[in-house]
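One chain follows as structure tokens, the form predicted alone.
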């Protein structure tokens, strides 16, 4: 029996959350086609024949941190590099940026073994460029292994797991059988609603909002819950509510349907929208909304 913790790191939008979800076999991290969707360290638990791996999905490491929320996300990602059995650095095939370079610099100070996952290889128009790219990346850091893969297509995940299991120690399971996330239901509810918001709203608005689960009640097979969507300005509140409440209803319906799949219960979800001025740059507000190291 092997058991260990692996931090999954990289710049924003390289597919870390999609990869963790694919490895665990169920959705534990929200996914949206926008950078910095992940804000917290998310624990996803894989129960396999060889043992148990706890993946720590982290916020994307980014160079610019203009607000307290950005600094929190960078600190959360940096903190995940400590006290883990291995680190998995995820990059996007065919695309290398300054932010990738900055992650490599941070990895130079990590004591745990570091492996490299080259994601989105299915999107490479010229597969012949993959081998030269792997040779170039190998020169940047003494990676323990390099695995090209596609999280969304599920290709070469077995090859990655073989490498990861080899890097976690022998030991008892960290989580009981059947538990696939290290977070509670309130966190799952707020993150599910936030994902639907990020997918429904354009431009910068998703980065000015957060979701706080307010109540959870169980009545037999019915799960009754309410959540508050916090924004920074009254104008943002109006956009989320939409004409005749249409946008808010659409978001609530999408979140409710997914929560029913995740919980196996019938769900009644009530959403409210409230304003907290400048919350993304207010350390006290961040702490209240669950942004804690």
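Numbering follows the first chain given and starts at 1. What you see is a predicted model, and the numbers here were worked out from it, not measured in a lab.
FYI, the form predicted in complex with a small molecule isn't displayed, but the following is about it.
Inset, instruction - Consider the chain as shown here, without its partner, and state which of 32, 241, 267, 262 has a heavy atom within 4.5 Å of the small molecule in the predicted bound form. - result: Answer to the contact question: 32.
Inset, instruction - Would you point out which of 242-250, 226-234, 37-45, 63-71 contains residues with a non-hydrogen atom within 4.5 Å of the small molecule in the predicted bound form? - result: Selected stretch: 37-45.
Inset, instruction - Give a yes or no for residue 75: in the predicted bound form, does one of its heavy atoms lie within 4.5 Å of a heavy atom belonging to the small molecule? - result: Judged by the heavy-atom cut-off of 4.5 Å, residue 75 is well away from the small molecule in the predicted bound form.
Legend entry - Contact test in the predicted bound form: residue 135 vs the small molecule, heavy atoms, 4.5 Å: Result no; residue 135 lies far from the small molecule in the predicted bound form.
Inset, instruction - Mark residue 123 yes when one of its heavy atoms lies within 4.5 Å of a heavy atom of the small molecule in the predicted bound form, and no otherwise. - result: Yes, residue 123 is a contact residue.
Legend entry - Heavy atom of residue 119 within 4.5 Å of the small molecule in the predicted bound form: So residue 119 counts as contacting the small molecule.
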